[in-house]
Structure formats: C-alpha cells, structure tokens
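What follows is a single chain, given as structure tokens, in the form predicted alone.
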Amino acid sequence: MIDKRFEGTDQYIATKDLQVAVNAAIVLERPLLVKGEPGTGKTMLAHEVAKALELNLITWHIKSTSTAQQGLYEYDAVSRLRDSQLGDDRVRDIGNYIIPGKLWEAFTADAPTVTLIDEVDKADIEFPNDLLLELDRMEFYVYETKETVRARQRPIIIITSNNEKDLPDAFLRRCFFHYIRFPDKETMKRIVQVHHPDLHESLLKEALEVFFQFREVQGLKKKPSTSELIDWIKLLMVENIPADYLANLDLSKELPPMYGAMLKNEQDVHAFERLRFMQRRM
C-alpha cells in the first residue's frame, strides 16, 4: 500500500477533486480512468503522480494499431525460425524469444510503479475488454513458456482517454473515473504562473481575458487548450506585446497576435471571419 497522498506538485496544479480521485484509485486498487479535453494535463498527471510519490513511471502510448497482447508480451517467432536455420543453440529455450511488454515490466518491478496507458481510445474498441482480466487479477498467462506472470507490487495504473470513442461498460466498471474539467480563470492563472513565473500581472490578466473570449466563440472545431495558452503567452513575452494592446483588442474585428498558437485549423479561422462579417452587418 502506498503510504503517501497525492496533492499535486510545484509543476502541476491539481484541483481538490483530482487529488481525491487519484488517492481514491490508489486506496481502491483500481485503475484511474481520466478523461478531459486535449491539453488539460491528462498525460502529465501520471508523470506528476510518479514524481510526487517518488515512484518509477512506465508509459505505454497507445496507437490505432496497438493490441492488448503487446502490453503483456510478444513472441518473436520470426527470430526463432531464423536462428533455427542458422543452428543457434538459443532456439532450445523459447523464453529467449519472449519480449516483455509494458504491463509485464510493471508487474515484475521490485517496487510499485505508476503505469500510464495513454489514449486508450485510439485503439480498437475491443482493446479495453482484452485487458479486463489482467487489470483485475494483476496477472496473465504466457502460453509459450507455460508460466503465470503475477504482479509483485500492484502498480498505480492511470488510463487516459480523449473520448474519441465510447469505452465498454465492463471496462468502466473496473475503473475509478475522473473528468478533468477545463480550469476556471483563477486556476488557469495559477497554472500559467507555474510555467511563466516572471510574467507581468497585467499581461497575464489581459491574455486570460482574450483566451477565454476565444473559447466562447461559437462554431470552433477545436477550442484552445491549456497547453496552447501557455505557448501563446510565451510568444507574447518574446515579442514584447504590451498588455494595453490586448486590453483594446476587439475579436470581432481582428485576431490577436500569434493566433496560430491557439487556432489549429482553417475552419476555426473561418469561424472568426464569420464573426467579423456578422459584426460588420449589425
């Protein structure tokens, strides 16, 4: 049992709700499923939990081609066939061709780890179901070597999802769920100050006003996220954009400087163009 509690770190502002979710998942010994808008710190959460609890981090980034089996182990039959043709004595032990996956690594670690399964919804819909037994029992069977790999120390498993597809109910029942709500202005201010401690208060205030106005524009395909705000403010500082300029900015007439840090596709640029057109007609 982990004897420390997660309360955020100097580099990661965790709300009380998020702290409760992390600590509840640890106590219940269940995976923590974290959802939220892209850029709200879901992936970074695992890194900061590992740092705060002084545990090693194991990261499994999921792709559209990922399978649950890859997280357990893979059998390299091609290499074994090649070695047998070359007369290599290694072929006598099939274990030489078993490649441990990320969950194997987490299960066999000498100390508890934080194990991140990142963007689980990128994979096939059956991917989460294929891990039900392994995540529940913290063990899996290796058919080639006829051995069972059991967790020496139960890892803290954090699973992230961008809500690209619905996850199976059976999988959801085995998780503790938390949705990271988009930060309010006060929380966002604290987040930005962590990344830009030398930022002048007036520029921060006006940048936040523009940013939240951005997010309220109707028709945006992708609203700017926390990470994009941090990048945009960095550019404002580098270019010495004064706070007064942002204070007098009218988004119905012009886009802010370096808007490419926040708008990521042509549809959203067109949304602002439509806004300006409608304002001119009024």
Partner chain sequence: MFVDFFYLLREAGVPVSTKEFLGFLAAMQARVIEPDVDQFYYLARSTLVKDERFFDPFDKAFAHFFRGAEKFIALTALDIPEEWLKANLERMFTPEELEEIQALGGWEEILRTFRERLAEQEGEHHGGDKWIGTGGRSPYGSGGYNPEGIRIGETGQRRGRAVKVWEQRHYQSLAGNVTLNTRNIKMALRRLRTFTREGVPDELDIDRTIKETARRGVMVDVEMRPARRNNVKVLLFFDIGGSMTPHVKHCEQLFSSARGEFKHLETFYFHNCIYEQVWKDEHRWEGKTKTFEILHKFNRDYRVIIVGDAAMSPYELLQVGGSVDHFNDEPGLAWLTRLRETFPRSVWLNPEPEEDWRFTESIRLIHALFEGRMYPLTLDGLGAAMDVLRRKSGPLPATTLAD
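Residue numbers count along the first chain shown, from 1. Since the model is a prediction, treat every value here as computed from it, not as a measurement.
Absent from the display: the form predicted together with the partner chain. The rest refers to it.
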item	value
Contact of Y179 with the partner chain in the predicted bound form (heavy atom, 4.5 Å)	yes
Touches the partner chain in the predicted bound form: D17 (any heavy atom, 4.5 Å)	yes
R30: touches the partner chain in the predicted bound form, heavy atom cutoff 4.5 angstroms	yes
The partner chain contact at K4 in the predicted bound form, heavy atom, 4.5 Å	no
Interface segment, criterion being heavy atoms within 4.5 Å of the partner chain in the predicted bound form, picked from 188-196, 165-173, 147-155, 94-102	165-173
Site test, N23, K35 and V78 vs the partner chain in the predicted bound form, non-hydrogen atom cutoff 4.5 Å	yes
